[in-house]
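So this first bit is one chain, no partners, the form predicted alone, shown in structure tokens.
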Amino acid sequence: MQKVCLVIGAGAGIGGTVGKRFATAGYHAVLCRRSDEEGLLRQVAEIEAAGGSATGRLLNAVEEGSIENCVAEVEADIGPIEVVLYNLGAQIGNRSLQETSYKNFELGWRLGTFGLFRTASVLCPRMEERGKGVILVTSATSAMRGNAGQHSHAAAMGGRRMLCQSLNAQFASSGIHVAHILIDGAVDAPDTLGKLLGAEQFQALREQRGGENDGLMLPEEIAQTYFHVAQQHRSAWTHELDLRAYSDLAWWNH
């Protein structure tokens, strides 16, 4: 049985790159994403070509039972999930209150908060029985500061942050390390920020702030931090941290 790193939300940015990082350390990376099976298979192939072990799964986390069945199947077929990364985004774009439908607001909650709750509900009892486990949660600036146009996202991310704190309060003493990781800046990720901005605007941003300017957060460097947090000794766990490029102002300075 192999030790497993399960990634829920394994796009070409943070999620897939974190999976690769854990695979280089001997974990079997289970990469889950909603769509783009071709891109998913390419990620798995890249990990295997580098000598790692990985599996790809298409997963619609909104569907009832999808997360729960995934966890049960992975643990039965591959091995115990020692690390899970909950990396699903809940950004529906910048919309006024009047432009935010009930359906879109609820979708933000389902992806941002309820999906993490479901993941914890099925995994924490298993991790508690084993006496160890790591839950890494990608979050966003909206978890700390609500802005006009971010009604759905801020509510979802704020709930995500409080859920992480509540999980820690119950399960830290059982050996389960929950880390809320706030991404306070733009990530050089074509299938997240790139889709949100559009190809032309994203390329312009890359030319202005990316490359040697180091003004866009690099998924490979973010993954190093995630891996470090997952390996921390329990006498000095990090429960919350924020990451941003050196040239960005922190969320509280805006």
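This is a predicted model, so every value here is computed, not measured. All residue numbers are counted from 1 along the displayed sequence.
Absent from the display: the form predicted in complex with a further copy of the same chain. The rest refers to it.
- Screening 28 to 36, 45 to 53, 195 to 203, 222 to 230 for residues having heavy atoms within 4.5 Å of a further copy of the same chain in the predicted bound form returns a single hit, 222 to 230.
- Only one of Val134, Val71, Ala154, Ile92 comes within 4.5 Å of a further copy of the same chain in the predicted bound form through a heavy atom, and that residue is Ala154.
- By the criterion of a heavy atom within 4.5 Å, Ala189 is excluded from the residues contacting a further copy of the same chain in the predicted bound form.
- Interface residue remark: Ser142 is counted as part of the site for a further copy of the same chain in the predicted bound form, having a heavy atom within 4.5 Å.
- a further copy of the same chain in the predicted bound form is not approached by Val83, whose heavy atoms all lie more than 4.5 angstroms from it.
- Contact between Leu167 and a further copy of the same chain in the predicted bound form is found at the 4.5 Å heavy atom cutoff.
- For the stretch 201 to 238, the set of residues having any non-hydrogen atom within 4.5 angstroms of a further copy of the same chain in the predicted bound form comprises Glu212, Asn213, Asp214, Leu216, Met217, Leu218, Glu221, Ile222, Gln224, Thr225, His228, Gln232, His233, Arg234, Ser235, Ala236, Trp237, Thr238, in sequence order.
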